[in-house]
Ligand SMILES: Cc1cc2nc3c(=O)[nH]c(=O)nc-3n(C[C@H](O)[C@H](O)[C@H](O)COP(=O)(O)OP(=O)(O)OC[C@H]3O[C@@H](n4cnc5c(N)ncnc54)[C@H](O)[C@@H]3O)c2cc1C
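Before any questions on how it binds or moves, here is one chain, the form predicted alone, in structure tokens.
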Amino acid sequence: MKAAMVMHADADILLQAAELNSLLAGPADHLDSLEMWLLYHEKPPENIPRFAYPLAAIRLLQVDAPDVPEAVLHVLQQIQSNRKMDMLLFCSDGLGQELCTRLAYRLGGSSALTVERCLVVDATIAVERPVYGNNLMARIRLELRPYCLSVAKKGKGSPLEATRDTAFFETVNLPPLQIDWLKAWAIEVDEGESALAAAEIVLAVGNGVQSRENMQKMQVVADTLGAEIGASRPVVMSAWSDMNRLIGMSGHILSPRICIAAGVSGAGVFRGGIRNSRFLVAINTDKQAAIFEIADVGIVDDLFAVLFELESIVRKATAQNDAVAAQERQNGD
């Protein structure tokens, strides 16, 4: 079986590799070759990530408009017509999922999104992916080749080591697609969304916050703690928080160093967004809340009482540290 990983040089290539690497364990023993198809706009990257399975080739594919799916699909169709891959792996982002689905349709193959595990069964592919709000794991058998799979979000995780000696590079020169209807394009980065995705400390607030006014108070607490604030779906759907703060399978999949889940029941959809947290603190008045099942520390109490007390302690500690620093500067002078 021949496989290729489709990656974007303009995004974080090491983190993409960490996601895609998770799918290689299942089919690795059945792969005759593994290639990387690396899409780039102006300049290809100088370093390439390491993978659990050796790469047979790295094919550099220049795309005039890498954020326009039609342009990327045009390139992928051309190289697939020459290479005839059995399996194509895509990243978890929106573009990766769109390319995965549309390319499978154009090639007459099979597609599956948010795949957590991939197995070879009787010369076909079986994938495991979450269903029913992340409460169950389904195993789906795909029979039509090529198999186009997008990996499930894995959180920030640990980037893989980069190298220049993984495999040989080949620059593939393909005629660009003329898109007459596209006059200009630009990328706009949502700073709030980007900050939450990269946060080391996250305050994840659930329906227990009760109102938009209380959510604003939680923002003050988060600022004091040096944390980014996130929200569960009920909070977002009640318009107590912006949609770009949504945590869960349809929002952010996070892996912060510390996550404080306050007033969150712990539904499967939400838990999927914080399960990669290295240390999870849960605060809820219901001692039977599902969130306590995955928490490192559980506090059965009112979220406001706990967080306001924590905020007070941090403020006092910060003031003391500032006073000590000021005294040291004065003594130094």
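In this text, all values refer to a predicted model and were calculated from it rather than measured experimentally. Only the largest set of C-alpha atoms that superpose within 1.5 Å between the two forms is called the rigid core. The numbering used is simple: start at 1 and walk along the sequence shown.
Just so it is clear, the following notes concern the form predicted together with this ligand, a form of the same protein that is not shown.
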Listed residue that, although this ligand is not shown, lies within 4.5 Å of it in the model of the complex (heavy atoms), from Gly298, Gly266, Gly26, Pro66: Gly266
Answer with one of Gly251, Pro130, Gly109, Gly96: the residue that has a non-hydrogen atom within 4.5 Å of this ligand in the model of the complex. Gly251
So in the model of the complex, is this ligand close enough to Ile247 to count as touching (4.5 Å, heavy atoms)? yes
Contact test in the model of the complex: Gly226 vs this ligand, heavy atoms, 4.5 Å: no
Is there a heavy atom of Arg233 no more than 4.5 Å from a heavy atom of this ligand in the model of the complex? yes
is_contact(Asn207, this ligand) in the model of the complex, heavy atom dist at most 4.5 Å: yes
Would Ile13, Ala17 and Leu39 all count as contacting this ligand in the model of the complex, using a 4.5 Å heavy atom cut-off? no
Heavy atom contact within 4.5 Å of this ligand in the model of the complex, the stretch among 50-58, 282-290, 66-74, 29-37: 282-290
Core aligned, does the CA of Met243 move at least 2 Å between this form and the one not shown? yes
Does Glu70 count as moved between this form and the one not shown, where moved means a C-alpha shift of 2 angstroms or more after fitting the rigid core? no
Superposing on the rigid core, do we see a C-alpha displacement of 2 Å or more at Ala231 between this form and the one not shown? yes
